[in-house]
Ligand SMILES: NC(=O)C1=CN([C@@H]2O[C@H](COP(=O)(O)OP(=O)(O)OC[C@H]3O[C@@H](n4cnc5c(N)ncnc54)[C@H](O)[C@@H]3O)[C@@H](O)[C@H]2O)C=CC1
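In structure tokens, the next block holds one chain alone, the form predicted alone.
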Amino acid sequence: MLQPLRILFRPKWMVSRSSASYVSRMRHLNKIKEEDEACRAALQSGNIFLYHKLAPLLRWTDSGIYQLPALQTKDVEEILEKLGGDKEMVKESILINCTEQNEAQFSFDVGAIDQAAVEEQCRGTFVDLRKAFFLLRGSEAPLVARGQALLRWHQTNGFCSSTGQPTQRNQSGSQRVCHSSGITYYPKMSPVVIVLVSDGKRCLLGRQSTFPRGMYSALAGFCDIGETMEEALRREIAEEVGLEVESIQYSGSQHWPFPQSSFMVACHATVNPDKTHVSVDKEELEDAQWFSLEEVQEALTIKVPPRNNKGEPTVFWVPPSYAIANRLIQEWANQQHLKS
């Protein structure tokens, strides 16, 4: 019988964040999200992260790392005018967050402007989001993912599904309204369960054919309508690898921008150590294997995708630290150390 979900690790922010400053910031963020005039004022003094056809702008720094540059609104307006665009386009920026200093942060896609020209003006490079995740610091990855997700949602929800009429966004971009039907649309995420399965001594990792060579990850699947998270997890494991889950532990959650916007709920699960035969559904996975603690520890030391040159043995590696799959794998390795 499945055990009830329980928290495996206490989130650090629950004990380290100042509640007073956090409450103030969240109320300020909600105000500029809901009130158009407040948002327009915040945009004039806020910061903007640029994208070109959903690829974020990154900048190589003197310290040898890539950074997500935050541009001031006036600077973006000047760039638009210099490159033949309309500076009023900046009003299409989407609110994504607010700093601890109450500075609003926006995302803005300049896909209508020549990419190379924008890169030259900004002294940066537009990078595919999957690649950008490997280049950015951990704190910037969730921010750039949120910005892209909201831009994508607005680009694909310009019409009402009931009337076919155009929808209109509010200033912050937190909603779109069809004035013909009165329907209000909000950005949505699809619930996904991601799980690291263990038999007590090994963990099970799988790969899809679209993964980079050598990369294995925790198993994941979308929740069906009407399912609980536990039911979705148990079903996905049975479907994909032919195993029956005995217990579940909740670990955490993460927004994931691929292929669209997903809400990843991460868990650990155990199976009977006497019933570990894997039967892979080839429609879902290319492969799934049990890995030892030693193999996992070595894979965790690989911080960038290995070259895996042709003719050489394929290097086993796992998703990078920004992915919640990495957290699950690291947690499992830590637990194995405690046992020993």
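Residue numbers here begin at 1 and follow the sequence given. The structure presented is a predicted model; accordingly, all values stated were derived computationally and were not measured.
As for the form predicted together with the named molecule, it is not shown, yet the points below apply to it.
Only one segment in the set 148 to 156, 220 to 228, 106 to 114, 92 to 100 has any non-hydrogen atom within 4.5 angstroms of the named molecule in the model of the complex, and it is 220 to 228. Contact check for residue 200: every heavy atom lies farther than 4.5 Å from the named molecule in the model of the complex. Interface membership of residue 80, defined by any non-hydrogen atom within 4.5 Å of the named molecule in the model of the complex, is ruled out.
Taking the partner from the other structure, the named molecule in the model of the complex has a heavy atom within 4.5 Å of a heavy atom of residue 262.
The named molecule in the model of the complex comes within 4.5 Å of a heavy atom belonging to residue 258. Interface residue among 284, 287, 295, 34, judged by heavy atoms within 4.5 Å of the named molecule in the model of the complex: 284. The partner is absent here; in the model of the complex, the one residue of 270, 254, 170, 121 having a heavy atom within 4.5 Å of the named molecule is 254.
The three marked residues, 48, 75 and 125, fail to reach the named molecule in the model of the complex, with no heavy atom of any inside 4.5 Å. Taking the named molecule as positioned in the model of the complex, the residues of 172 to 208 that bring a heavy atom within 4.5 Å of it are, in sequence order, 190, 192, 194, 208.
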